[in-house]
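Encoded as structure tokens, the following chain is the form predicted on its own, with no partner shown.
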Amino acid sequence: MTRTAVLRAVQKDEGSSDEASNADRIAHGDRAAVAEIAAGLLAADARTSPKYLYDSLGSKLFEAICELPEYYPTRTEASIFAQHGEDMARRIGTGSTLIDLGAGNCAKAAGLFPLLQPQHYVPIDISREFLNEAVSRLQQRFPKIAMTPLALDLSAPFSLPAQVGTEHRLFFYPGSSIGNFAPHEAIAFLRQVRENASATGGLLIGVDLIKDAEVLDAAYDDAIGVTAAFNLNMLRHLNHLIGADFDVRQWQHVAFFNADESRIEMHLEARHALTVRWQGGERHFARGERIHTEDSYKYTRESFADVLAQAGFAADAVWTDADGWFAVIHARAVSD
């Protein structure tokens, strides 16, 4: 796929059912979402939550990102599971309630089913339609595993419903998604996970490690522009969520590693001076002014072990690739 083809896919304005439901939310007064987005756009340094990257098209574009040669996290993490999966299964045991945080297409968890043999699979994702489609396909492949998909916003407080068993809960959070949270936010999020885990609960989590800045920059600004399309698609999503009039063609993707903060930053930059209007508000953007859309924090093994400890978990096993680019960590819930 060429850069032009990728960008054209973003610029199409054909409404998916996710987008139609978002329009309905505005009509029915989802004031909290409108207020949150508007507050971010009106901040001195404009920003949005990365959760708004994931409508149906955004989820599909992220799937495409994971296949790119520059995007090392997916294949590096997969190599760790392939090499060390049996050791993970010995430590974790079988028959768990496997709770997949930010499940996406559920492929990563499904790859562990033969080893972990969960009795109940609970995938959680913000995009209900995308999740339900993925689980429908997966249930056909694994009919003996009970599956309960949950459409939840993990950036907000959450608790699992009664139909999710409380014993031997294993929370699965791969792909270094924890990096989307600032460290203090990561601790708060993992504390919520700990509150939803029983005394026998655990966490299997993927963490991206600090490495050469050139490798990091390329992973978030690929040559054919899929990551750019993913980032730009958020503007289209915001148009449907809050009735905004963003024109994707007036913006460009910017991504770089901020060494001082130990994070990749993604922004959308105005190509020229422009004004964006939405339901109940507007903002003028100067040429070159940016909207901060996502961060991806990188850790050392030691610094992330400290994050886990502050959240009520104790790391008991760490597996890495040969280059030390990525880590998969198993942590057990610690009693108060």
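Start at 1 with the first residue shown and count on from there. Please read these numbers as outputs of a predicted model, since none were measured by experiment.
Not on display, but discussed next: the form predicted together with N,N,N-trimethyl-histidine (AVJ).
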Closest heavy atom of L203 to N,N,N-trimethyl-histidine (AVJ) in the model of the complex, within 4.5 Å or not?
-> no
Exercise: S296 in contact with N,N,N-trimethyl-histidine (AVJ) in the model of the complex, heavy atom 4.5 Å | yes
Report whether the minimum heavy atom distance between F62 and N,N,N-trimethyl-histidine (AVJ) in the model of the complex is within 4.5 Å.
-> yes
Does any heavy atom of N233 come within 4.5 Å of a heavy atom of N,N,N-trimethyl-histidine (AVJ) in the model of the complex?
-> no
Thinking of N,N,N-trimethyl-histidine (AVJ) in the model of the complex, which stretch from 31-39, 63-71, 301-309, 276-284 has heavy atoms inside 4.5 Å of it?
-> 63-71
Find the only residue in S127, S177, T97, N105 having a heavy atom within 4.5 Å of N,N,N-trimethyl-histidine (AVJ) in the model of the complex.
-> S177
Option touching N,N,N-trimethyl-histidine (AVJ), based on a heavy atom within 4.5 Å in the model of the complex, out of V122, I242, M266, L216 = M266
Each of T76, F81 and F172 near N,N,N-trimethyl-histidine (AVJ) in the model of the complex, meaning some heavy atom within 4.5 Å?
-> no
